[in-house]
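Just the one chain here, the form predicted alone, laid out as structure tokens.
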């Protein structure tokens, strides 16, 4: 499928506290293979846009009070042209992404059309690959898909425990379980509706597509990549560098 003359919008949540990294340095500025995490992530999207002929616009959602600092950091980077807006996040993921969604309708921003694709991608998932992005864009460009998410089948057996205890209640069929990643992908009109309703209802979710599920939309899982890990702990840096060597 050709995506020439089409647009893609991306919201990059980057406002996490990073407490599990146990470092004074922002985890997005920590290096994987001598390149900062944030640089790898945004470069991957710029590369995808260049390869696919897509007009890509993005919003970076950062910690409160850090917009000028991030603007200064990004301005001279090769990927600077894809970052249209830097906005402040909130104290939860839903509020942070919600601020990003609100920025999509800012009159100074190239506002998406109702059926335009909007991806939400964790800035800390720096090993995202073009093939995964293409599969997601192909899926959300399908008239029958309003919401989809990149994911991989769970490799391990999962146990459900009784609430408040450590006693096993059931063992779900592993073939029916997926580990969801990002990007999480929406048609713009659906994304806007979900976040506006969540704000009104005070509904919070740690997963963006959970909002769509909550409001009655069917969510489709698209094949992701096991290498698309999220940099959260010091061990993740080591794992990412090992994965990177295998990818090169």
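Treat the numbers as computed from the prediction; the structure is a model and nothing was measured. Residue numbers count along the first chain shown, from 1.
Keep in mind that the form predicted together with a small molecule is missing from the display, and what follows is about it.
Student: Using a 4.5 Å heavy atom cut-off, which stretch among 70 to 78, 116 to 124, 169 to 177, 140 to 148 contacts the small molecule in the predicted complex?
Tutor: Every other range fails; the passing one is 116 to 124.
Student: Counting any non-hydrogen atom inside 4.5 Å, which residue from 102, 92, 130, 157 sits next to the small molecule in the predicted complex?
Tutor: Residue within 4.5 Å of the partner: 92.
Student: Does residue 13 reach the small molecule in the predicted complex, with heavy atoms at most 4.5 Å apart?
Tutor: Output for residue 13 is yes: heavy atoms within 4.5 Å of the small molecule.
Student: Taking any heavy atom pair closer than or equal to 4.5 Å as contact, tell me whether residue 25 reaches the small molecule in the predicted complex.
Tutor: The answer is no: residue 25 has no heavy atom within 4.5 Å of the small molecule.
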